[in-house]
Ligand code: BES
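The data below hold one chain only, encoded as structure tokens and taken in the form predicted on its own.
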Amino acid sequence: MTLRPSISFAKFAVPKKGSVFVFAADGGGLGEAAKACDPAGALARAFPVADFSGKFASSAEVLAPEGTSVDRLVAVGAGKVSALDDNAWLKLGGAVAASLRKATEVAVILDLPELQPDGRQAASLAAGILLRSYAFDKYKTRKDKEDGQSDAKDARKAEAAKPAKITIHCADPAAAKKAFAGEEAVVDGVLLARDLVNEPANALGPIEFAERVKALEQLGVEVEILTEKEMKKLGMGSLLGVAQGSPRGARLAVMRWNGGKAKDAPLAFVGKGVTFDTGGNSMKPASGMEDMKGDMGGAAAVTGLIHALATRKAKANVVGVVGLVENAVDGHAQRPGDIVTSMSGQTIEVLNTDAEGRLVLADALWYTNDRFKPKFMINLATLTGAIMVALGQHYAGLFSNNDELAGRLSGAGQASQERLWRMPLGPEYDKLIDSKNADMKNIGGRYGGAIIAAQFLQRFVKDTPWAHLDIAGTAMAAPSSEINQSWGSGFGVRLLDRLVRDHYEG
């Protein structure tokens, strides 16, 4: 399994061994600390040959540079120094991680001409290294020893299996270490969300997911797990209807982080946790169905967020609720045309059993609102393919009944680069889910599918400020980036941590 690099911070010094990374500004300019690592000027001579000009995230390297005892010297392009913000340093950390190869000892010299150094730059750089270094390979197996393998080769393999030890040399190591504590907490939350999304469905069903949530108690999170029996008593017919075709029992996991004042209403985050989605009796096509192990990306993001907030001791009261079900097919499975009664008392005609995520969220949202009376509710769900048709895979869809909340979310999305695009809601769309046989139906017509799904959810939030994030295109199989090469991206953790950090703490 891929080993996580260890990261530390130190004052500027000339490294004596290992791989050394320096940064070059647009035009190839190096800072004084970077130049000291290359007394013979090997890098500067290599730049023209490598066609390296300091372009952002580009790189050039020299192996065993003369005049030094290090293994290699790598220059990473930083572009225009004046344009370097936290996200740029995060991406530069990703560029460093992409060039680590099998290095086990690494020095990163955070120095550039005219750079005004602060601890956040080093912290963001370190976070980018960790995010890019992630790989989900726990199920890959290899022989411990190949036939005829020598002891020397064994030793080399053991050495290569060590995690990289990375030291970031910067102007203020103490400030960097302090800033990184908060950043690392968020990184850990993102990596937890990625792990959950990447797990195969045979290893991670509703019960196993609930056990992962239960582990957050070690961080001081209060956790309750509601079983099918308890949900039935609460009248959650909408959620339980989705689960009735699977032998794997449904769960509702409730997480509470009490970091604010006792009198403060909590912030509430609700996640769709369909651990595998066959589509039910409205069966999905076989091609691509394996991706439906990721249909719990919303629940993964909420779990990762609570992990991050608890780890960094966020000064806010926060509730996370995730509805965990498997949408399977057997003789007990829900049928198209069935009518179920939600916890709210509203009845739903289920015309398509593959529009199941909104049925799970309907009861989870009502339960959260009714029990906790939150300041706002934000739900996340890999809900519709329609949002991908509208926005592609670089933005998630944002629907909201509250302009202030929507604006803050959009701002957090820009700041974290987990971007959102606001979509409309309106009575014209709402009429499309009226039913002749029940209070509503779970699908509308051919057009506006993502909007219709949001209109459905809005019927279960009353007047509470609420936002729905449709993350179908961004949580799984999303385009790779400078800080993510994983199928499961962990989308939403950094976004929502930024929202809480900027607007709702202390």
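In this text, residue numbers run from 1 along the sequence as written. Here the structure is a predicted model, which is why all the values come from computation and not from measurement.
Heads up, the form predicted in complex with the named molecule isn't pictured, but that's what we're talking about next.
Novice: Exactly one stretch in 254-262, 237-245, 120-128, 288-296 has heavy atoms within 4.5 Å of the named molecule in the predicted complex; which is it?
Specialist: Only one stretch qualifies here: 288-296.
Novice: Give a yes or no for Arg419: in the predicted complex, does one of its heavy atoms lie within 4.5 Å of a heavy atom belonging to the named molecule?
Specialist: Flag for Arg419 set to no.
Novice: Given that the partner is absent here, does Leu469 sit within 4.5 Å of the named molecule in the predicted complex, heavy atoms only?
Specialist: Looking in the predicted complex, residue contacts with the named molecule do not include Leu469, since no heavy atom lies within 4.5 Å.
Novice: Can you check whether Arg358 is within 4.5 Å of the named molecule in the predicted complex, heavy atom basis?
Specialist: Although the named molecule is absent here, Arg358 would touch it in the predicted complex, with heavy atoms inside 4.5 Å.
Novice: In the predicted complex, does Lys272 have a heavy atom within 4.5 Å of the named molecule?
Specialist: Looking in the predicted complex, residue contacts with the named molecule include Lys272, since a heavy atom lies within 4.5 Å.
Novice: Sort through Ile207, Ala175, Ala386, Ala135 and report the residue having a heavy atom within 4.5 Å of the named molecule in the predicted complex.
Specialist: By the 4.5 Å heavy-atom cutoff, the listed residue in contact is Ala386.
Novice: Report the residue, out of Leu457, Ile443, Ile451, Ala33, that has at least one non-hydrogen atom within 4.5 angstroms of the named molecule in the predicted complex.
Specialist: Of the listed residues, the single hit is Ile443.
Novice: Suppose contact means any heavy atom within 4.5 Å; which members of 262-291 contact the named molecule in the predicted complex?
Specialist: Those in contact are Lys272, Asp277, Lys284.
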